[in-house]
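Only one chain is included here, represented as structure tokens and corresponding to the form predicted on its own.
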């Protein structure tokens, strides 16, 4: 596995409130890292800091060999950040939105792989409807498609399964697993779904109070899958108390 993300000593604060307090994190191509923790732990802020949205007070971020501070354009081209449903442009159609984002990535058209995944998500019939008519699930699917446009190597996903129907959720898990298995991408997924983290991640990171409290590696996760009595939920509870 080759290095894809290196984040060192990240600090983010909003006024007097310190949200990230010295985060170190590295991800390689072929890794699926699940980020778990209670509400307010800093999971979304960490994703936004890596994406260059949340301003750093201190720290360094390197993405696919590009320093985010010194080469932000090159670094951000390597990132796929799923768009939060409320942030979608409501007056555009789904297809117009995909075309707009494709152009921003320098793509001549909406990639065939994106349209194929949209078909798998059963989103194709509504692509020519305005986004303000979409349900939450439809918006979530479109936000995912936007994040995966052009198959960037680092995928940043914040609770992407919220609002997805079971069939689409299963299809998306399979899609991510295939990308990771081929070594085409590294995934950082923030989630409250411990089942997703335990079953699909190659590493799980517990964030609490803006710091990494614990990390479970691939061998520990395999052991949990083989011995259900040693669940991630129990391990997380123990880490909370530790």
Partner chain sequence: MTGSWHPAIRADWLVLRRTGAGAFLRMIAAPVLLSGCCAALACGDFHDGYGWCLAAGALLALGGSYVIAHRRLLDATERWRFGWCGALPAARGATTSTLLLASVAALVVSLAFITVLLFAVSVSAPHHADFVYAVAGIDLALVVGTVAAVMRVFHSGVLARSHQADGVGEPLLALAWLNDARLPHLLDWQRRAALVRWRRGGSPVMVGIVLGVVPIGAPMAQVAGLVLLVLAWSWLAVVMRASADAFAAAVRLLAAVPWDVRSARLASLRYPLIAVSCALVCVAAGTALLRHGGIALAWVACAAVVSARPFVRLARATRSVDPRA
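If you're wondering where the values come from, they're calculated on a predicted model, not measured in any experiment. Residue numbers count along the first chain shown, from 1.
FYI, the form predicted together with the partner chain isn't displayed, but the following is about it.
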Partner proximity in the predicted bound form: residue 159 to the partner chain, non-hydrogen atom cutoff 4.5 Å: no
Touches the partner chain in the predicted bound form: residue 132 (any heavy atom, 4.5 Å): yes
4.5 angstroms heavy atom contact with the partner chain in the predicted bound form for residue 81: yes
4.5 Å heavy atom contact, residue 87 and the partner chain in the predicted bound form: yes
Residues 53, 92 and 105 all lining the partner chain in the predicted bound form, heavy atom within 4.5 Å: yes
Which of 36-44, 177-185, 66-74, 203-211 sits within 4.5 Å of the partner chain in the predicted bound form, heavy atom basis: 66-74
Candidate from 100, 113, 136, 170 lying within 4.5 Å of the partner chain in the predicted bound form - any heavy atom: 100
